[in-house]
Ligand code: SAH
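Only one chain is included here, represented as structure tokens and corresponding to the form predicted alone.
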């Protein structure tokens, strides 16, 4: 059977889709990249924001009008079973039932798999089908691999649906992760990104020496991996040990993605974020004092219930102080099952949310342009990730996107001289390839 996947949301959803594709191929099915040739469409959904959920609903409607068989997986499958059935979904698999994708495609189940869910550790390890993963063919990239190391979240931020869709935090055994990284290195991958809703909580549930810092130490021996990344981090879970490990190992990314969500202590408290504005700023200072060239990425929610003009101004000032190299800005939208949706009225008007988002975006663009312009005339190393509009592109070790003229294969480590900067991508001239970086 020919199966097309449409994936919304985070990198963990991308990896989940890759796992399902792998299982289907092993069972004799074909993964197609053209919707018009598909017999079945699997929509892997995201429920973090209302916008992404609505995109999935709209796609279901369009596909059913074309007479296609449609399955739904991911976070929306966990919170909107009846709605998905009403909209015409032919089968639904929750986030812990990915290993049932073959049965679903083959019509052995026609709807909810809640009575047949695999234990969450089976999903997280992605190795229960045939021991460790001996094949890495079903990955989005040929040289950059996403590796799930922990699933779920224990934080219960009042706005967030993830603990209800992904469950509590469950870490993969470190030996299993290391084996996967070894296989990737042996197969020609030279970038690995470790993934988790709270990636820096990795190992806490295992109650042994497992931690993100220790994992990075152990996988660093694989010299074929030229760059390690990790995301997303929860600010109060970043340890001094992790910061030191990054500082001492130049093949680990210098970018820390640390969602602040708000710069107001009042709003942070209402969000149940387990840190204050002052603690967040002190963490950023610590990272920058210890990790040479460190940059910060982040997320901000605009218009959380009760957010006043003063609260927003505090967020604005936080953004100006931190100077993010990447910042995701989104309006608050109530999510089913969350505390905020039950206790708080969504009382910030849409027009105010839009105005605040525009203001914040303008400030962020100015900050990023200023930061990027400082690179003009300098040479940077990037690992090529692909081509777009006739140009090759890749990222610096501190997570800035660089475009340049030249047809360079994915995965190549090259040196580029920066010639032009924008409030987004940076543009430069290819100087040449870099010899394998092992230090």
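Predicted model only: the values in this text are computed from it and were never measured. Residue numbers count along the first chain shown, from 1.
We do not show the form predicted in complex with the ligand, though everything after this point is about it.
Engineer: If you check in the model of the complex, do 227, 399 and 411 all have a non-hydrogen atom within 4.5 Å of the ligand?
Structural biologist: Checking in the model of the complex: none of 227, 399 and 411 is within 4.5 Å of the ligand.
Engineer: Going by a heavy atom distance of 4.5 Å, is residue 48 a contact of the ligand in the model of the complex?
Structural biologist: Residue 48: contacts the ligand in the model of the complex.
Engineer: At the 4.5 Å heavy atom threshold, is residue 332 in contact with the ligand in the model of the complex?
Structural biologist: Contact with the ligand, yes.
Engineer: Evaluate residue 273 for contact with the ligand in the model of the complex, applying a 4.5 angstroms cut-off between non-hydrogen atoms, and reply yes or no.
Structural biologist: Contact with the ligand, yes.
Engineer: Considering only heavy atoms, tell me if residue 301 and the ligand come within 4.5 Å of each other in the model of the complex.
Structural biologist: Within the cut-off, so yes.
Engineer: I need to confirm a contact call. Of 191, 261, 255, 148, which residue comes within 4.5 Å of the ligand in the model of the complex, counting heavy atoms only?
Structural biologist: Here the answer is residue option 261.
Engineer: Let me know the one among 215, 267, 77, 160 whose heavy atoms come within 4.5 Å of the ligand in the model of the complex, would you?
Structural biologist: Of 215, 267, 77, 160, the residue with a heavy atom within 4.5 Å of the ligand in the model of the complex is 160.
Engineer: Using a 4.5 Å heavy atom cut-off, which of 360 to 368, 97 to 105, 342 to 350, 227 to 235 contacts the ligand in the model of the complex?
Structural biologist: So the stretch in question is 227 to 235.
Engineer: Within 172 to 202, which residues come within 4.5 Å of the ligand in the model of the complex, counting heavy atoms only?
Structural biologist: 197, 198 sit within 4.5 Å of the partner.
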